[in-house]
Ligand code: AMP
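The chain that follows stands alone, in the form predicted alone, written as structure tokens.
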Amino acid sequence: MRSLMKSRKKMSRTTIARILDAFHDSSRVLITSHKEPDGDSICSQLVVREYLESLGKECVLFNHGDIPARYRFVTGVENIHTDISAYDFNPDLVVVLESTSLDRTGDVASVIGDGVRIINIDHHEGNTLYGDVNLVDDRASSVGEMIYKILSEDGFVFKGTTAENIYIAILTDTGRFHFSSTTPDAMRIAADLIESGVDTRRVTDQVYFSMSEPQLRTIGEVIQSAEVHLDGRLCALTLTRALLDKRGMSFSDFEGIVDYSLQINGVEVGVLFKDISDDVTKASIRSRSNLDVAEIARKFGGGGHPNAAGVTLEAPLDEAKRLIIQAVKETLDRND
């Protein structure tokens, strides 16, 4: 049974000290995150790797799921492995970032040996505190913000790629400083990173405005087929395997397109549905009001933040749509 050290209220300095001690005491470190990685998890992993390698540690980064197209420009991203069948590493420490439970790391969980110390760093409600040391702060904008604070306690200086990667982590997990997670702390850290030399225009252009023509045309088809429900309060987008096959693309090429579901005036909740298989559908849910979409996702075993959440349903596309739309309706009715 792993010892549980809660720090949900704030980032406890005692817990940070335990994490830093574990970093210094380790020799071989596996760094991982949730399956279907995003900007926060990818860039935070890369920063932790650079920090640990500066201490002379041997590090391997493994994720379950492809790197989304918009992050393939990130320096060092080629060092994140995704083929678990090629895994051949014997770590004495595992660092898990932005994952509410160990099974959310997907196939990576299967290669973590019994008795290996686990550091769990997360900013989501509902974290199961599965680590030997758990640092969970659901007020933090991102794991990137948490990593900045942790490593700063050890005197680590953020510059060059480490500064840029923490900036990308905060930028993307706050929705370009739009979500309610955009706290004063997040803005102060972003300001420090900009002062260190981060080129905000270049980063924002790369993440949000550098898609290929096939991506743009596919997004156009997704938007063209948008559905509006609940008297204009919900907009649903659908990205299907058939459409991707037609373009020769994959789901990882379209991270973030759920944001288009909130473009219509009056829409309070946006959802992107993806038919992962005939019987599995993933729903990404967003809101631009005080409506907590993480609560909706949790009804089906998912989770996230009040304005951005997700869930994978073991249901065909049409059934998944019915279930999510009904759950949104019930939540809206209860909040009216």
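In this text, residue numbers run from 1 along the sequence as written. A quick note: this is a predicted structure, and the numbers were derived from the prediction, not measured.
Unshown form predicted in complex with adenosine monophosphate (AMP); subsequent notes refer to it.
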task = May I ask whether 65, 81 and 252 all come within 4.5 angstroms of adenosine monophosphate (AMP) in the predicted bound form, judged by heavy atoms?
result = no
inquiry  = Does any part of residue 39 reach within 4.5 Å of adenosine monophosphate (AMP) in the predicted bound form? Heavy atoms only, please.
reply    = no
inquiry  = Whether residue 311 contacts adenosine monophosphate (AMP) in the predicted bound form should be assessed with a 4.5 Å heavy atom distance threshold; does it?
reply    = yes
ask   = Should residue 34 be counted as a contact of adenosine monophosphate (AMP) in the predicted bound form, where contact means heavy atoms within 4.5 Å?
value = yes
query = Counting only non-hydrogen atoms and a 4.5 angstroms cut-off, does residue 270 reach adenosine monophosphate (AMP) in the predicted bound form?
reply = no
task = Name the residue from 149, 124, 233, 117 that puts a heavy atom within 4.5 Å of adenosine monophosphate (AMP) in the predicted bound form.
result = 124
Location of adenosine monophosphate (AMP) contact in the predicted bound form, chosen stretch of 300-308, 51-59, 22-30, 66-74 [non-hydrogen atom, 4.5 Å] = 300-308
task = Taking only heavy atoms into account, state which residues of 90-107 are within 4.5 Å of adenosine monophosphate (AMP) in the predicted bound form, ordered by sequence.
result = 100, 104
